[in-house]
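As structure tokens, one chain now follows by itself in the form predicted on its own.
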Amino acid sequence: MRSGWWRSMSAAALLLWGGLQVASAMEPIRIGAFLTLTGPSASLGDPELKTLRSYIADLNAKGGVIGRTIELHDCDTGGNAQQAIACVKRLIEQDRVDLLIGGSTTGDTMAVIPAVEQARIPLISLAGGIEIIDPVKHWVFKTPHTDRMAVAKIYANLRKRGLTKVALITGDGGFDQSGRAQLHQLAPQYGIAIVADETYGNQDADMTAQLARIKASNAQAIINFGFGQAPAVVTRDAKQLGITLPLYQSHGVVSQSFIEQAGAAAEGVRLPAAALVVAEQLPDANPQKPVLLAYKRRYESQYGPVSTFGGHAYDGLMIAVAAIRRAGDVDKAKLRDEIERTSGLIGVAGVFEMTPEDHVGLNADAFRMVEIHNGSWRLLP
């Protein structure tokens, strides 16, 4: 009697355990996104969130990943570092996400890294500052090109034009200041002399005083390293002051909203950009072209003009999904290791080849120099 009862109880326990295991396996994969959705830098976070929602919906419609649906938990940082920290704390502790994508800005990303490292959770940043991944941080990766790559592209183009004396004007954000540091650091390597160095607050609506001092200098070109609305103000104010020097912007303004905000003053502005904005102008043999065109057509059919910022989110999601598939689950340590093994993944920013020493996996060749011409982007040779 006892043995029969015991066997029945054991069988029931096994069935219960098996049921719990199946239920656990069917739990959604939780991705946490902390993005700048409001404030001066909303032009970054808005296309990023739209991209994540669109492609996660598509993945779920096709059965999800490793047999599980994806659940997106998003949080608006407003471009504020303290709010970014609060977002990440909520995503980790309350929403119990399996990995993080964000922030939209360098400042937001740098602010949360201590919490990310302490929680031992993978983070794929969508921001440009090189300090995010240099030096390498065990749990932190990123998808955009670095500001060091952007500076190298700008300086190479200046040298090609025979321009060696430049004036800098940069904002007070983390991305801006990181870019300014790279501009100073790489200048000797390219034979560039910095003859003026002006700054502004990213909320400022008038940069004429700084630009007037630049106009009085012996600069042959101007470089504005920034993002959000401020670079459009710089561009308009330079035009208003009658400054005819070549104006270079950073990859922080590669969106149609910058062209619209700067208006006619944007004509002739040059900058390094991901190939997305000139996808149709690439040779057909370029392996990136089909990926770029597919993303661009999908985004524009749903939301309007594409921007490279949404492309950063696409790359982050695709890297994460590929890593989850290789890992076979969302164990955070396994997932981190698989992200680091990303190789040959063709994304919007380029072909990613990550290593333990390189947590972005792109080189300067993934950048293109473009020029604004007739309200659109033109690929430069």
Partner chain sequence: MPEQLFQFLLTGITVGSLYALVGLGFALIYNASDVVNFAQGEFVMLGAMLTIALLGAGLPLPLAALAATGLTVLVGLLLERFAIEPALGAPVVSTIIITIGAAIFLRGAALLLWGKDFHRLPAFSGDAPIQLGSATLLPQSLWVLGGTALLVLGVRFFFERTRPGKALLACSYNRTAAQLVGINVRVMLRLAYGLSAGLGALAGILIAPITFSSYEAGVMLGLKGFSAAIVGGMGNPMGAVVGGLLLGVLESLGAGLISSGYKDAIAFLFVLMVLFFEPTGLFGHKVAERV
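Remember, predicted model here, so these are calculated numbers, not experimental data. Positions refer to the first chain, counted from 1.
What follows is about the form predicted together with the partner chain, which we do not show.
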Partner-free chain; cross-checking the partner chain in the predicted bound form, the single residue of 191, 290, 263, 268 with a heavy atom within 4.5 Å is 263
Report the residue, out of 220, 256, 210, 157, that has at least one non-hydrogen atom within 4.5 angstroms of the partner chain in the predicted bound form. 210
Every residue in 37, 42 and 240 with a non-hydrogen atom within 4.5 Å of the partner chain in the predicted bound form? yes
Within 4.5 Å of the partner chain in the predicted bound form, heavy atom basis, the matching stretch of 212-220, 149-157, 277-285, 292-300 is 212-220
I'd like to know whether residue 199 contacts the partner chain in the predicted bound form, with contact meaning heavy atoms within 4.5 angstroms. yes
Look up in the predicted bound form whether residue 340 has a non-hydrogen atom within 4.5 angstroms of the partner chain, and give yes or no. no
Flag residue 117 as yes or no: does it have a non-hydrogen atom within 4.5 angstroms of any non-hydrogen atom of the partner chain in the predicted bound form? no
Looking at the partner-bound form in the predicted bound form, is residue 165 within 4.5 Å of the partner chain by any heavy atom? no
